[in-house]
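Here are two versions of the same chain, shown separately as C-alpha cells and labelled structure 1 and structure 2.
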Structure 1
Amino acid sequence: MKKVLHQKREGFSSSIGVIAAVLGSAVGLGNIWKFPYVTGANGGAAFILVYLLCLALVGVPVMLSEHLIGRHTKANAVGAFKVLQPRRPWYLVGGAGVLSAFLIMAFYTTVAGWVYAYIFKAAGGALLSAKPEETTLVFNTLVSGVGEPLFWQIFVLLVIGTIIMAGVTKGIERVTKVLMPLLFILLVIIDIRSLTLPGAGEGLSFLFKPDFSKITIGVILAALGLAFFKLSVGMGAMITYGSYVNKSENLPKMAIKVALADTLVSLMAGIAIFPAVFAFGFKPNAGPSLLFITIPTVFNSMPFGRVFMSLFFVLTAIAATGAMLSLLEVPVAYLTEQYQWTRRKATMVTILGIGLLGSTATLSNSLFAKVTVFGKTFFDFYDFSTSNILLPVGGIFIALFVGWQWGYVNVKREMSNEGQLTNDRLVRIFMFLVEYIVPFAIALVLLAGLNIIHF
C-alpha cells in the first residue's frame, strides 16, 4: 500500500470536467437501449415509478458513498478499502467490483459494437426502408453473424483502450466534456419528431400512466438492478472516479444533479422510442432489439431521416463510449496502483481479457446460441448476474461499510469538505439511509426477487 501513496496521481481538472466524466459514466446504453426495453418488458409507467424510488432511496446514497470513499482515500476500488481497513477483508468488495467490470464489459461491448455498426448502416442507406420487417431483418442479420459483430466489438475495445491510455485528464475528461452536450441536443430533436408522429399518444400513456397491477417482485428487482446499472454504482467505478475529484467539490449536490440529469436522458430516450413503437405496431416488450428496430423506423418517416439516423447512432455510440471508459478505468486503476503496472500494460491486458470474455456474449446469437448458464445465454447471464445480483450485493456492502465501519464522524468530515459546507441535516439523512434503508431494502428485494424468500 505504501507505494500507492508515493505515486503521482492524475485527477479531473475542473468542476465541469468532473460532472462531464461522472455524467458520462452514468449516461450510456443504459438510458438509450436498456431503460426503454426494460421499461417496455415490465409494463411501462408503474415500473418507472418503482425505478425512481430505487434511484432516490438506494442509487443516490450508494453513489455518494462511493464518491466519499474514493475522494477520501484517493485510491482505486480495492486500494480504497485497504487504506481504510487494512486488517479486514472489506477490500474483497472492491475485488468483486473489478470482476463485475469484466462481466459488464463483456455484454456492453457487444451492444456498443452493434451501435457502432449501425452508424455505418444508417449512413450507407442500409436502414432506409420504412417497413418494420426490413429493419428487423437488418438487426437479426447483424446479431446472428460471427465476423461482423466480432469485428465491431474489437473496434470498440480499441477505441476505448486508446482513450484510457491517454489518461484521466487528457483522455476521459477531454472526451466526455465535448460529447455530452451534443447528445442532449440530438435527443431533443428526435423527441420532437417522435411526439408529432400520428398515434404518439398511446406511447406516452404507456410511459406516463401507471398500471399498478403490473408490479410484481420480479419487476421491483428489475427496477433496482436498473437503478444500479444506470448510476454506475455497486462495483467501485464511482470510487475510482471519486478518487480523481477535487477536495472542494460538493459531493452530495453532485450525486443528486447527476441522478436528475441521467433520469432526464432516460425519459427523453423513452419519448423517442415508445410513440414509434405504438405508431408502427411494434411490441413494447421486444427486449434488447427494441432500439435497433424502432429508431430507424422513426427516422425513415422524416425528412433528412438518413442524416438524423446516422447522427443518432453516432451519439448513442458516444454515450456508450463515455460509460465504458468508467468501466475500463476500474481494472486499469487497480492494476496500475496495486501492482505498479504501467497504464499501457494494464489497459492492453484488460481489453484483451474483456475481448475474450466478450466474444462469448457476442456469439450468443450464433455459435453459442444453444449454450446456457443457469438457463440463460452468455449475453443474458452476464447482464442478469451483474445488474440484478452483483451490483446490488456490492451496494449492500458499500452502504454497510460507510454506515457502520467508517461511521458518522468520518462521513461528516468528508461530506462537508472538512467543515467548509454546512450540510449536517443532509449528513444525518444520508447516514440513516446507508445504515438501515439501503442494506435492508436491497436484501429484501434480492431475496424475494430471486425466490429465496416468499411473501
Structure 2
Amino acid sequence: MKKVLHQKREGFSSSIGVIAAVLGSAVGLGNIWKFPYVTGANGGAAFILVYLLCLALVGVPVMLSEHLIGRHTKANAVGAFKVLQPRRPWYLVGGAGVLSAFLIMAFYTTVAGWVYAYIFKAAGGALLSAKPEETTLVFNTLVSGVGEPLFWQIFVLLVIGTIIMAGVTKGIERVTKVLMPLLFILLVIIDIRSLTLPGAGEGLSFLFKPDFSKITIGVILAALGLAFFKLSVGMGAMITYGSYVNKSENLPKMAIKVALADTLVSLMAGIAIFPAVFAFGFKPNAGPSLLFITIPTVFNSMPFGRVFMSLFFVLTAIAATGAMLSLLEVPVAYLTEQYQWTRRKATMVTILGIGLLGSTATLSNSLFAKVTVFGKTFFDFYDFSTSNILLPVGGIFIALFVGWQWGYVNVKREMSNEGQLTNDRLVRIFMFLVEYIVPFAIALVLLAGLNIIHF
C-alpha cells in the first residue's frame, strides 16, 4: 500500500520550483516585520553579523536535516519518522510539527489578515496621515474589531486553501514561482525610493556599519533564536517540502541558496525601512508596531507615499502567503497520507479547524480580550506555545535524531545522492553541528524563552 501511495505522490517538477517553494516557506512576515525590528532593537549591523553566524551554525543544519529526512522517506512529517523508526516513538516529533503548524496558522492568519486589510487601507486612503497617533488609531480600530478582522482571516484562509487544493505542482510550485520574483521586484522598487530620500545614509550606516560594542549575550541569544525560527524549521514544513524534492537535487547546495536568498530578502526589507525611518526622524527600535504604525507614517511623509506604501503591503502579503502555504501543507499532507483523505477534503477540514481556532486569536483584542490561558490571551498563548516550546523542542529532537539515531552512514548516503556527490568533508562538518552545536544552541533558546535562564 505504501508503495502505491508513493507512486501517486506529487513532487516539485524543477529545481527552480523547489527553490521558489522552499524560499517561499522561509520568507515570511519574519523577513518584513520581525527581522527589521529585532535588528533595530539590537543595534543594527553588529546584530546582522552575529545572526549570519548563527544561521550557518544552527538554522541551515536543522533545515538540511529536515530536507534529508523528507526526501529519503518521501513521507509527511509523522510518516517520515514511522518509516525510519517504526518501532520507536520518534513519530511524536513529527506529530509536534503538525501541531505546531496548525497552532501557528491560528495566529499567523490573524496577522496576515491585518496585512491584507492594509493593502486596501493604503490604496483607499485610510492611512493618509504622517501622524503616529492617527496611524495608531487605524491599527487599534482594526485589531479591536470583530467583523473586519474575522473577514480578513477567512479571506486569507480561502486564498491559501484554494492554492493548496490545486496540489503541489499546480498549486504551491506554480504560485511561488510567480510570487517570489514579484517579491524581489517590489523590494527593489521600494529600496530605490528609500535610498533616494535625504538622510538615507544614516539608515544604511545603522544597517551595515557594525558597532561591536552593541554585542551582548542577550544580542547573541536574540540572533540565535531568529536564525532558528526564520527558516521555518521545527514545524514539519521542511520535512514535508523535502519529501517533494527530486532524488537528484543537491540538498546542501539548495539549503545554502535558500538561506542566502532569505537573508537577502531580510536585508532588502531593512534597506526599504531604515533609510526612510531615519530620514523622517523615527526610531529604528519601534518593535512590532514598526510594520503597522511606523511604516505607514514614514511612507506618508514622502512624495508618492501612498503608492509606495501600497506596494510595501502587497509585498508583505506575498511574503506571508508563501509561508502560510508551507504551514497549511503540513497537516494536509499528514491527513492525505496517513488517513488516505482526498486533498480537497483534507484542505477543507484543516482550514475549517484553523478558522475556528484562529478566530479566538483574531478576537483576542475584542470579544476574548479578558479570556486568558495561563495568563495569556489566545493569540499570545498560541504564539508562546509554538515559538517558545514546540518549535525549539522539535528542532532539538530533529538534530538528535539525525546526528545520533539515523547516523553518519545514512546521512552520507542521502547527502551525497547515493555517492553521486563528493562532499564527505561537508557531511562530517554537518554531523558535528547536529550532534553537538545545534542541540546545545537551541536548548539555550528554549531555556531563555521559558525564562529559566536570564542574560
Ligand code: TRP
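Sequence positions of structure 1, starting at 1, serve as the residue numbers. Only the largest set of C-alpha atoms that superpose within 1.5 Å between the two forms is called the rigid core. A quick note: this is a predicted structure, and the numbers were derived from the prediction, not measured.
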Original post:
Which number goes with the form predicted in complex with tryptophan (TRP)?
Top reply: 1
Original post:
So, does N42 move by 2 Å or more at the CA between the two structures, with the core held fixed?
Top reply: yes
Original post:
On a core-based superposition, does S205 travel 2 Å or more at its Cα between the two structures?
Top reply: yes
**OP:** Establish whether a shift of 2 Å or more occurs at the C-alpha of P86 between the two structures, with the two forms superposed on the rigid core.
**Re:** no
**OP:** Let me know the CA shift of P275 between the two structures in Å, rounded to one decimal, core fitted.
**Re:** 4.1
